[in-house]
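The data below hold one chain only, encoded as structure tokens and taken in the form predicted alone.
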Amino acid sequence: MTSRSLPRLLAGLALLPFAHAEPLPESLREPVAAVRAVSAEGRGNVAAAAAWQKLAGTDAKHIPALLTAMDGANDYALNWLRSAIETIADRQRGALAESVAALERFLGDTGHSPRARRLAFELLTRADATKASALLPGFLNDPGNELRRAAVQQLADAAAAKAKAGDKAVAVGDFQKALAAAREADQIEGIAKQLTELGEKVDLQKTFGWVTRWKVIGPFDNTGGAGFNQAFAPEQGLEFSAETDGLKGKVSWRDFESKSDYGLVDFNQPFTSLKSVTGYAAAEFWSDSARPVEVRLGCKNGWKVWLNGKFLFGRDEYHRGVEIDQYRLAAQLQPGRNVILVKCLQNEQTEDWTKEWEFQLRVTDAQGTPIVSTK
């Protein structure tokens, strides 16, 4: 942190929304500013370490204000501030009980940092576990996944207990409610498994919101990995009725619909198992309005993604594993018709574990709520 940046940070701290917390005392404003100035590659760590000592040594009554200081902080600063707050709480466990009302008010303000609110919940649990548990159901549709996840888990655990006690109807209803609120893949899969064991069918395609209807074209060349940077015809303009030159003659677009629970678009199905090749998939996605979204992709092959002709991102890597929402690409839908284009490449490896030539894709909000095409 430079001497020129400190006044700006201090001025910014003066504007932080302390409406439901004791104002940060003057003696802590500079240490907080030093911690919030930490950035990548250790920049500001020396000043932050000295500031942390002052913060960690302060009174527990200042915890709500320090939680508020987490609003808008980068990940590095959040870690420093969380550590200081936890140290205070460990040192003054008895004093946490005096902050229950302030922590509860802090939790109720969804404008605060999701990580700060999650920490506030953990502190409230230490101070009054019964009150914290009673508040959890109110976070089932919380805009922060940190608290939503805990609320979903509480409901799913209650459903499991009902199922064990033989109350299947109530258990199924609670599991379905939990599934509707879940946003993270492991929770969705876990709840879906429990519903399936109770004899209920779960539509995972719909739950995740996969894009399943595509047009595909290929194969094109990828000898020696050269296809990643080569702009084949689909990158130059999408004409779904046109033929173009492929790897071994003319190729054209064909319809493909994924039947996989996980929305997998498997190029081996229409094009057979090939190596050193490139394929493309395009999907129309309709929106009632302009809105920011995340295009979430899972793929173990080389790939690139475009939305409405704008390149979003790509990775020239192969067979390193795949998981749901492996890549999250910030994007902007336009009103009406949008077009998603995916380039998926296969390399020359021939081992059994390299045969997959596929991807999965969905469109969500920042929290992971599926957004589906309106047509």
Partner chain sequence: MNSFPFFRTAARNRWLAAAVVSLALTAQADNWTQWRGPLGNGVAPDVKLPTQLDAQAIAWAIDLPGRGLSSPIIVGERVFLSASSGVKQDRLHVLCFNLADGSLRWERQFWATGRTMTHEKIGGAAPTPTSDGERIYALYSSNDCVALDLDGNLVWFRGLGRDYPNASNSLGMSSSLVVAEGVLVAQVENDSESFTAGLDAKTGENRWKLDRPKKANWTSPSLLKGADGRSLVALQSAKGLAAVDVRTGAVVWNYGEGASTVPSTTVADGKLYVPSNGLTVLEPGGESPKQLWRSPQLRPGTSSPLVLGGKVFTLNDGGILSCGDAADGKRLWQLRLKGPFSSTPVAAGGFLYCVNEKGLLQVVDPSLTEGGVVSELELGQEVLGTPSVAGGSLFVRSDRKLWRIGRASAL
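What you see is a predicted model, and the numbers here were worked out from it, not measured in a lab. Take the two forms, find the largest set of C-alpha atoms that superpose within 1.5 Å, and that set is the rigid core. Residue numbers count along the first chain shown, from 1.
Below, we refer to the form predicted in complex with the partner chain, which is not included among the displayed structures.
Just one of D186, D245, D288, D203 comes within 4.5 Å of the partner chain in the model of the complex, counting any heavy atom, and that one is D186. With the partner omitted here, the residue from K131, K177, R126, R213 that has a non-hydrogen atom within 4.5 angstroms of the partner chain in the model of the complex is R126. Every member of the trio W52, Y76 and R315 reaches the partner chain in the model of the complex with some non-hydrogen atom inside 4.5 Å.
Stretch 146-154 is the contacting one of 274-282, 235-243, 146-154, 204-212, since its residues have non-hydrogen atoms within 4.5 Å of the partner chain in the model of the complex. Contact annotation: W80 falls within 4.5 Å of the partner chain in the model of the complex, judged by heavy atom distances.
Although the partner is absent here, D90 is a contact residue: one of its heavy atoms lies within 4.5 angstroms of the partner chain in the model of the complex. In the model of the complex, the partner chain sits beyond 4.5 Å of every heavy atom of D266. Although the partner is absent here, E41 lies within 4.5 Å of the partner chain in the model of the complex, judged by heavy atoms. Contacts between stretch 317-340 and the partner chain, counted in the model of the complex as any heavy atom lying within 4.5 Å, involve E317, Y318, R320, G321, V322, E323, Q326, Y327, listed in sequence order. Comparing the forms between the shown form and the other one, the C-alpha position of A231 differs by less than 2 angstroms, with the core used for superposition. Core-superposed comparison between the shown form and the other one: CA of T125 displaced by 2 Å or more.
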